[in-house]
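We begin with a single chain expressed as structure tokens, specifically the form predicted on its own.
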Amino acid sequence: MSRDAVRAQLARRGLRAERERGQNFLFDPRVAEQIAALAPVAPGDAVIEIGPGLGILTRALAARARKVAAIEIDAGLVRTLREEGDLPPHVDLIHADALDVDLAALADSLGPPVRVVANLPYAVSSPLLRKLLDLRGRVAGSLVLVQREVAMRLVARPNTRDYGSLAVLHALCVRVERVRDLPPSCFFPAPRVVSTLVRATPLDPAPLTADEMLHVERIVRAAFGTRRKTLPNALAAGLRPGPDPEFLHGVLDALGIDPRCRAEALEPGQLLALARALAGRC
């Protein structure tokens, strides 16, 4: 499919790419096939796709996988895909907001192995990336397209501008790799940013267990919530109730963490140890 063909198909249906939803449609079947291969999708795999758009990547995934569950929020795109998307019978099209879908239950219903492959809508890429972390133990891995700026945040290391809670939580759950960049010319409409394919492979065992996730996330987000403050002050500002100052300083001393440091100076493992030490105290 060409850029002009995408434009014509949208116009025929009275549709347009909605910027508020971050819709930028992949239209080159060759690029879609490369993405499916890089996932890598095998004949025995089931795939969860988020944001199929006009189905270019969906068809490439279906050519390799035993089952594809494609989640699309846009009612107009769902109608278009059902009526003229040429989707094979082993593709289930789900009209829903992926943020509201129980992805764990969906993965369980598909049966292992399951992979997530998606051109994530720019507008909701961060919350979707966080949601995918809850699929550990249910998926073999994910390959997603995000803005390059988001990809840099995912792989950032301590003492860098991009390092934050997103990088920490991912480092404690999955191994993240930047696979390749895709220029704006691969999409319609062409975005103003470069997109990056990011692969995430679950760590086995992962340092962060599923039952710890919410508590650790709360501590980590508070630690990075006011980046210019020292760690004790950031936690005091971001947590309700906040930790007892004397107890917190004792914890930092026991962990060998300088109380004058900021969260961005700490490795993911140090932040995990801190969160565990604060469990039940704030």
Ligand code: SAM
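This is a predicted model, so every value here is computed, not measured. Note that residue numbering begins at 1 and tracks the sequence as displayed.
The discussion below concerns the form predicted in complex with S-adenosylmethionine, not included here.
Proximity to S-adenosylmethionine in the predicted bound form, taken as heavy atoms within 4.5 Å, picks out 89 to 97 from the listed stretches 153 to 161, 172 to 180, 131 to 139, 89 to 97. When S-adenosylmethionine is considered in the predicted bound form, residue 121 lines it closely, a heavy atom lying within 4.5 Å.
Under a 4.5 angstroms non-hydrogen atom cutoff, S-adenosylmethionine in the predicted bound form has residue 50 among its neighbouring residues. S-adenosylmethionine in the predicted bound form is not approached by residue 106, whose heavy atoms all lie more than 4.5 angstroms from it. Put simply, residue 235 is far from S-adenosylmethionine in the predicted bound form: not one heavy atom of it is within 4.5 Å. Exactly one listed residue, out of 65, 222, 39, 26, brings a non-hydrogen atom to within 4.5 Å of S-adenosylmethionine in the predicted bound form: 26. Proximity to S-adenosylmethionine in the predicted bound form, taken as a non-hydrogen atom within 4.5 angstroms, holds for one residue of 200, 110, 73, 166, which is 73.
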